[in-house]
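Below, in structure tokens: the form predicted on its own, a single chain.
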């Protein structure tokens, strides 16, 4: 496995860094972004396509036989699979909010193995390899160990695939049990916030693989527990995601049941 992962981990870190720098340059020049909408609250900018094209070009040059799946250009799955979100948090990016990132994950035979997330406007670079821990800016990170729900912070992701009433029901359940609820509009960074202990849980009733694969590896390597996201046709179709620090995992999952019963 090392012969597969070693060169890809090295490439992952360098490509994610370069892609983030490219994205930041575009972010700092908003007149070039050509902002449009794919649907309600579903933003698209020139940067999304340009950054994904750059990442694909770099990966294909190094690993021409690997499969690549990206948010903007789609793709196929394979034994060695890269999954790309060129700008996660595009709504934030378009509205001049710094809470966005480049997210790249790598899976072997359907098992998430590598993840890197770079939020250049925040100067935060997260990375992880299965079995080797998680880092932020080169320093080890770990989840929180908040002991009770009435002291915890929960992030609940929203998407247009489910009725608003279903989202509001999750928020209501969390607040009813005493949790503080937030939403920052980036699933990838939502997972990093659990990993670094700023929040206790990230939950979303449906999320795409490019929004969460890298964050899944990072959060788990930082000590978080997650539901079985990588099941079924997860890469193409997505799944629910439920990720929490271990002390409150069972209690919080019970609050949201049966949405996250996997």
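Positions refer to the first chain, counted from 1. From a predicted model like this one, the values you see are computed outputs, not experimental measurements.
Here the subject shifts to the form predicted in complex with L-MYO-inositol-1-phosphate, a form of this protein not shown in this document.
- With a 4.5 Å cutoff on heavy atoms, residue 192 does not count as touching L-MYO-inositol-1-phosphate in the predicted bound form; it lies far away.
- L-MYO-inositol-1-phosphate in the predicted bound form comes within 4.5 Å of a heavy atom belonging to residue 185.
- Although the partner is absent from this view, residue 142 stays clear of L-MYO-inositol-1-phosphate in the predicted bound form, with no non-hydrogen atom inside 4.5 angstroms.
- L-MYO-inositol-1-phosphate in the predicted bound form is not approached by residue 112, whose heavy atoms all lie more than 4.5 angstroms from it.
- Heavy atoms within 4.5 Å of L-MYO-inositol-1-phosphate in the predicted bound form are found in one stretch of 52-60, 23-31, 232-240, 207-215, which is 207-215.
- Of the candidates 98, 161, 132, 151, 161 is the one whose heavy atoms come within 4.5 Å of L-MYO-inositol-1-phosphate in the predicted bound form; the others do not.
- If you take 49-88 and check each residue for a heavy atom within 4.5 Å of L-MYO-inositol-1-phosphate in the predicted bound form, you get 71, 85, 87, 88, in sequence order.
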